[in-house]
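Just the one chain here, the form predicted alone, laid out as structure tokens.
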């Protein structure tokens, strides 16, 4: 099992996703002889998981069943242990696209946090790219490095425990793209520029407050970055439901079928028909953060 390569069968040591519902999933470290408690009963790893094909429907001890799915960055985002606030797929997809990431890209990131974005980056840049990620907090850096090894993507990533605003990314002239998710990204802009290739590249900064965006844009302009733009991604999910509507009575099909006393007769009843429709949400999920993008000109 690897987060960047697909496996057919569940093996001892894998991290599998147990799917109980659209909003009910857990990540499970598969181990010989271990058990996992779910709301549908016990999953016994040795008999219920190991050797099963990913995507299988597995019956729990209470007779209810779950699906066991191969891990992906998207599934990891909704099941990972939160050590920090994380980025979700809506923002991650925009970041990956706007930074123009592809297989073979070299990327610098700060801070690593819980590793939600990092896993998506690694899947995108594999098999020949590399991620240099910097985390200020020592225990978080150690934990995310363990997870990268457990998920078998550690050959694609270098984790550094340092202050990016003071010490930079630890590399110079290698990055195709840089991502900043720190309280004062404007202090790291010069280090981002130093880490990027001479052929140019893209930088993105994620900030929840517009004042942070203003300072970062000033720093980007001072360092010669171009094509500055700031966007905010809001997700609006439509609710799909079935409604039942009665067909209206439009009267007789032709004048010849009209009856003189039709106006006083009770109109025929029509059985309601089922229709699929969507409704807009009454509330839209609130602001997550501003994404500021800029381009380093070729030198």
Partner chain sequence: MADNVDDDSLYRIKEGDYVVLKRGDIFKAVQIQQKKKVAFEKQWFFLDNVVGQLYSTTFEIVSGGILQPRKPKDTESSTDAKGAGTDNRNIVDDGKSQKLTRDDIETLKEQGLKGQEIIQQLIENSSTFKNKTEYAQDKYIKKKKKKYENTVMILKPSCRILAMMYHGREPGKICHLRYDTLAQMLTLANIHAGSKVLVFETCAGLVLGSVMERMGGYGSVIQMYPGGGPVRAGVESFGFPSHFHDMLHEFPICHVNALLAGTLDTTAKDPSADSKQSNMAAKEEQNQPEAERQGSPEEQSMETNSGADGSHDPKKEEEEKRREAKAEERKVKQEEKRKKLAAAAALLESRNADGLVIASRFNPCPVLMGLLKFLSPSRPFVVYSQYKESLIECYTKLKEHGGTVNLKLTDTWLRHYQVLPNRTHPVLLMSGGGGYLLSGTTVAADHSKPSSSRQDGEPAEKRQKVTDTEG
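Positions refer to the first chain, counted from 1. Rigid core (definition): largest C-alpha set, two forms, superposition within 1.5 Å. Only a predicted model underlies this, so the values are computations on that prediction, with no experimental measurement involved.
Here the subject shifts to the form predicted in complex with its partner chain, a form of this protein not shown in this document.
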Self-check item: 4.5 Å heavy atom contact, residue 183 and its partner chain in the model of the complex
Solution: yes
Self-check item: Contact of residue 116 with its partner chain in the model of the complex (heavy atom, 4.5 Å)
Solution: no
Self-check item: Close approach of residue 69 to its partner chain in the model of the complex, 4.5 Å, heavy atom
Solution: yes
Quiz item: Hey, in the model of the complex, is residue 4 touching its partner chain, heavy atoms inside 4.5 Å?
Solution: yes
Quiz item: When you measure heavy atoms, are 80, 162 and 205 every one within 4.5 angstroms of its partner chain in the model of the complex?
Solution: no
Self-check item: Those residues of 41 to 55 which, in the model of the complex, come within 4.5 Å of its partner chain by heavy atom
Solution: 53, 54, 55
Exercise. Answer yes if the CA of residue 245 moves 2 Å or more between the shown form and the other one after aligning the rigid core, and no otherwise.
Key: yes
